[in-house]
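Presented as structure tokens, the chain that follows is alone, the form predicted alone.
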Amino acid sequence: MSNNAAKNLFIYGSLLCFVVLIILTVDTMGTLKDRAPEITEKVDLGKQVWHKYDCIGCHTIFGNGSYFAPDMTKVTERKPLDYLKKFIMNPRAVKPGTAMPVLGISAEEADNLIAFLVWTSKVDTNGWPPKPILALGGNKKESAGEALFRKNDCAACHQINGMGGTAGPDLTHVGSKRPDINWHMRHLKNPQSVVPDSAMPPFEDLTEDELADLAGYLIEFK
């Protein structure tokens, strides 16, 4: 390639890249307002709570922050709001042994913070962050109970074999600790009936057969 050809390739290649950048920027700015919901006063107050208690010192949001604790960008899609409020106000009452301290957040502050987190969950982030990997039960073919575990996003709160969320108890050996399938069925249908003050949401929409399938899947872990 001659010097002139190389020079022209560099110049026109740079111009092409610049034009593509301009087009992408214009397109992004034109759709930006549609990618996030309206910012209300409550959302703004919730963001102030986020900064007041330095949540970003442990958590990430939109890719920014520390990686010591779970990402909070889409947390309200994965956790019930009642659970979040209880955890925010007194995390150790919900999960003894958690590393998150009791910060003294009031009920009003918790409501505002949740409003902010609901807002972040509705922002179009192009699929980020990815959902937790579902730990399979060792079967090559997915069982009915395993499918229900995945469908109901149980891995958002529970770990199996080191994979999944940490908001709820680790289920790796739950079959050894609680081998009674009827206990699990009652727990899934109405957690507080067997574990007082449980923050786990009830799965009242599951049929008796589905409860039995999901409970049967859980007691396989020993």
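Each residue number is its position in the shown sequence, starting from 1. Everything numeric in this text was worked out from a predicted model, so none of it was measured. Basically, rigid core = biggest C-alpha set you can superpose within 1.5 Å across the two forms.
FYI, the form predicted in complex with a small molecule isn't displayed, but the following is about it.
- Note on the partner interface in the predicted bound form: the residue among Thr98, Ser143, Thr125, Asn90 having a heavy atom within 4.5 angstroms of the small molecule is Thr98.
- Heavy atoms of Asn152 reach within 4.5 Å of the small molecule in the predicted bound form, making it an interface residue.
- Interface residue remark: Val43 is not counted as part of the site for the small molecule in the predicted bound form, having no heavy atom within 4.5 Å.
- Among heavy atoms of Arg186, none comes within 4.5 Å of the small molecule in the predicted bound form.
- Among heavy atoms of Met163, none comes within 4.5 Å of the small molecule in the predicted bound form.
- Once both forms are fitted on their rigid core, the CA atom of Tyr53 lies 2 Å or more apart between this form and the one not shown.
- Once the rigid core is used as the reference frame, the Cα position of Pro70 differs between this form and the one not shown by 2 Å or more.
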